[in-house]
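Shown next as structure tokens: one chain only, the form predicted alone.
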Amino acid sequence: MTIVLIVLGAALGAPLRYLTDRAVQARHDSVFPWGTFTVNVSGSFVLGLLAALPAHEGVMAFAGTGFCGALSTYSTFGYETLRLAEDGTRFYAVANAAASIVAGLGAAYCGMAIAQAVTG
């Protein structure tokens, strides 16, 4: 049953990642990968929120592992960072790495803080 929940969560997260990435990137005329940055920060926030909630094992499999795992894409982040460095835009590569790590951790922390404030 757990694998089915993970697959269902991923079936929602992956298309949402693609659509969000395309929508965000279309609004920016920059080599910085804003779309990937947005989905990774969003996924980190949701996962932080879920981790601090007293969520059922099935909810965590569906939303945490499946949905957030498919929504966020740190492998694409790594690929895009390397591509930026290889293309000679090292400033954007360093900015992407630093901002993604800081914003991802910050978003997860904010998600956990909100969940703890709501649940007491």
Partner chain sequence: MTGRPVDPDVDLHVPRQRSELREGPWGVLAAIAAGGALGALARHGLGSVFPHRPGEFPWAVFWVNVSGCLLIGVLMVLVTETWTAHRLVRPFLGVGVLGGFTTFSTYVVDAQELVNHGAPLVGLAYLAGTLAAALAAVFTGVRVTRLLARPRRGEAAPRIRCGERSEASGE
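Residue numbers count along the first chain shown, from 1. No experiment lies behind these values; they were computed from the predicted model shown.
Heads up, the form predicted in complex with the partner chain isn't pictured, but that's what we're talking about next.
Shown alone here, A115 lies farther than 4.5 Å from the partner chain in the predicted bound form, counting heavy atoms only. Remark: T65 counts among the residues lining the partner chain in the predicted bound form, judged by a heavy atom distance of 4.5 Å or less. Interface residue remark: V59 is not counted as part of the site for the partner chain in the predicted bound form, having no heavy atom within 4.5 Å.
Residue contact check for T76: one or more of its heavy atoms lie within 4.5 Å of the partner chain in the predicted bound form.
In the predicted bound form, L82, R83, L84, E86, D87, A97, S100, I101, G104, L105, A108, Y109, M112 are the residues of 82 to 113 with at least one heavy atom within 4.5 Å of the partner chain, listed from first to last.
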